[in-house]
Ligand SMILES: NCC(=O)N[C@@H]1O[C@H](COP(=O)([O-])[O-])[C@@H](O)[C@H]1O
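First, one chain by itself: the form predicted alone, in structure tokens.
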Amino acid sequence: MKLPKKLMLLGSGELGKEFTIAAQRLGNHVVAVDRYPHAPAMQVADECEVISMLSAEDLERVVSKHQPDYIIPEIEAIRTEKLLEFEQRGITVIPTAKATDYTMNRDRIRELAHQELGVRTAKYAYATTLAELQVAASEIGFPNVVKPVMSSSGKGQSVVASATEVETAWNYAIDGSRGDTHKVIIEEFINFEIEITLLTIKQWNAPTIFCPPIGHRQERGDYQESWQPAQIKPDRLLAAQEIATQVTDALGGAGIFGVEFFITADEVIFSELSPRPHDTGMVTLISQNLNEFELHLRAVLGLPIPNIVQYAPSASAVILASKNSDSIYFNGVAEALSVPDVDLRLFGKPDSRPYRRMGVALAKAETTELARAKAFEAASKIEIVDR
């Protein structure tokens, strides 16, 4: 492997920012692309472009201009059929153009897992109108979960307790949808003991390997905290690893996959999959010798990963905005960092809105419970205010 390589990020949020930093530490050249200027990864990339990634013409223009060695999607709302054209021209799409197309839409990946591979998933149905959703909801039963087939960070997702809430859930899902499709998925509500992310590293010419499992808690469909390692039984972990290998082998390519599971009293149930670093995996910025972004880079470039070592039980807690503002700053940073074994990532997003993730607190401790408490305490000290 000769370095440097030119990497084009499609999507330049906080995950892309950390990946860019990892890539540049090995001398690579990064072009950060997103739909708005001054996105987090643009602040550290070598070059940047602002385009609509749902525009085939815009994608063609920036790829032709920069001629990247690798195209690395970071978000869902991309004209994925255009990626197949780039791949046919000899540009490597991560993990592959086919895998990106499958995983950008919840319907495709769910059908691959359930129908083609026979993997246990929640019962599900699709709807493209409110009337279809009402019928599907009555068949699946209440409570259930409604979300767009294409979204990010839990946008548009809600738990529906009764038939009277279906219309509200439909409107919320459509408002939170990314891309140009009005289609939602409705799932049975799983009464799980824990929800985990299994960071799965698929390599070009080496076996698939895993990070220790990450537990996480969600609100409004978006993660609020994560911790590593998640305490699950060895047979449950082995079952999750087998499913993750089966699904990622079917998708092909290389890179890190964030594979989500519901762990119940007697089942391991496949939930979702992201073909890139996962937001819950930001805990690895403090917990491991190689964080998820460095692992993604090594897998993409075909570099060796001799071992993955967890330093100590660790946790992350998100820092959320509470209002709309285009001019913000942070109070409480010194107070948050005064706690031993605590770190912060403030993402540098140019504006805020209610519940937008603006940063994350990270902590290590003797136990996961203590690490979670320290991360939450640090996050709670950060105040986001107008300039």
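Just count from 1 along the sequence shown to find any residue number. Small disclaimer: the values here were computed from a predicted structure and weren't measured.
Just so it is clear, the following notes concern the form predicted in complex with this ligand, a form of the same protein that is not shown.
Residue contact with this ligand in the model of the complex: Arg61 places no heavy atom within 4.5 Å of it.
With a 4.5 Å cutoff on heavy atoms, Glu294 does not count as touching this ligand in the model of the complex; it lies far away. At a distance threshold of 4.5 angstroms between non-hydrogen atoms, Leu15 is in contact with this ligand in the model of the complex. Residue contact with this ligand in the model of the complex: Arg357 places a heavy atom within 4.5 Å of it.
Heavy atoms within 4.5 Å of this ligand in the model of the complex belong, among the stretches 111-119, 230-238, 305-313, 70-78, to residues of 70-78. Only one of Lys65, Arg35, His38, Lys323 lies close to this ligand in the model of the complex, with a heavy atom inside 4.5 Å, and it is Arg35. In the model of the complex, this ligand lies within 4.5 angstroms of a heavy atom of only one residue of 325-350, namely Lys349.
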